[in-house]
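First, one chain by itself: the form predicted alone, in structure tokens.
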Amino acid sequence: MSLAVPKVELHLHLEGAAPPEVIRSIAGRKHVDLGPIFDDDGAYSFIDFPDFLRVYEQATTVLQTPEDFAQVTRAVLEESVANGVIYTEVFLSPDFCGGGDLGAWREYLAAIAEAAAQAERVHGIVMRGVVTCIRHFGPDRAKPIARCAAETAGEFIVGFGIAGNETVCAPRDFAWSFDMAREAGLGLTAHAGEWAGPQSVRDALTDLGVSRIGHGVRAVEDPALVDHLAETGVVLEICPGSNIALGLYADWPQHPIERLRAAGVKLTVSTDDPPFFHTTMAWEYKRLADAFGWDEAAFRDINRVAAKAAFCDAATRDRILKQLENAA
């Protein structure tokens, strides 16, 4: 069942989706010692969320050229294809692609976009990019990232967002960057309601004007907020396996995704940083089916929500929706 349903994924970090063997291969080629970021089995190793951020950022230090990012893009999309994904929006961080310099970012972006175009020609998967600033790098660092997004907005770069440690700074501190992205016509999303509580979701909606929330699961703690999300149609990019792997919830039955869905909140399913959390899109679907009895009709509905919430142009969205309809 899990592979038979075409999937739309909206919450995937490019660097975080890089298979550890690819990172080790690039590190070996460059003679870079990454330190103790892998376990004895070769998987990424971390103990909690702050340590996850450390390992994540350490792994990215070997990604130093446009070709490195092209290699990662090819590997990530091959994994997505293997799990039945037909459309994916991937978070791209100019902080890791030239340090926020616009000229360097254009070179990195060209390599990523060409790798994505090649995957579309060969496998049919469609990838679009959502430029993401890093919250714990601070609001001043976010401004050149927003400029990178605004200056390269178009068919491939379709959105702008913020990721990183939710306990650092406040959403309103990044309003300038989001205003710039909005003026460039980009879709807006923000990580909130994961490590910070439901108020962080309210703040992202009020102060940043986003139409999607990355994670957002802590909204379930505030019934009035849940009602607001359902009434306004704000879409949550939920990554259950990530939440469980990081200890936010003890196990799948305790995850609030079904409660949010039953309350009428529009939501999608994604993997976030799949090799870090030992997951895939197929695995997410299997565990959701096991925990909550979701059937193919439920997953088709989830994917229609995701396609309609995608930041791509209307023609691409219609094509993805048609693929979902034909498969059904």
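Numbers for residues come from their place in the sequence shown, where the first is 1. Everything numeric here is computed off the predicted structure, so don't read it as measured data.
One more form of this protein exists, namely the form predicted together with a small molecule; it is left out here, but the text below deals with it.
A.B. asks: If contact means any heavy atom within 4.5 Å, which of 80 to 88, 187 to 195, 152 to 160, 168 to 176 contacts the small molecule in the model of the complex?
C.D. replies: Every other range fails; the passing one is 187 to 195.
A.B. asks: Name the single residue among 38, 283, 292, 49 that comes within 4.5 Å of the small molecule in the model of the complex, judging by heavy atoms.
C.D. replies: The residue in contact is 49.
A.B. asks: Could you tell me if residue 215 has a non-hydrogen atom within 4.5 Å of the small molecule in the model of the complex?
C.D. replies: Yes.
A.B. asks: Can you tell me if residue 113 lies within 4.5 angstroms of the small molecule in the model of the complex, counting non-hydrogen atoms only?
C.D. replies: No, residue 113 is distant from the partner.
A.B. asks: Could you confirm whether residue 246 comes within 4.5 Å of the small molecule in the model of the complex, counting heavy atoms only?
C.D. replies: Contact with the small molecule, yes.
A.B. asks: Wondering, does residue 164 line up within 4.5 Å of the small molecule in the model of the complex on heavy atoms?
C.D. replies: Yes.
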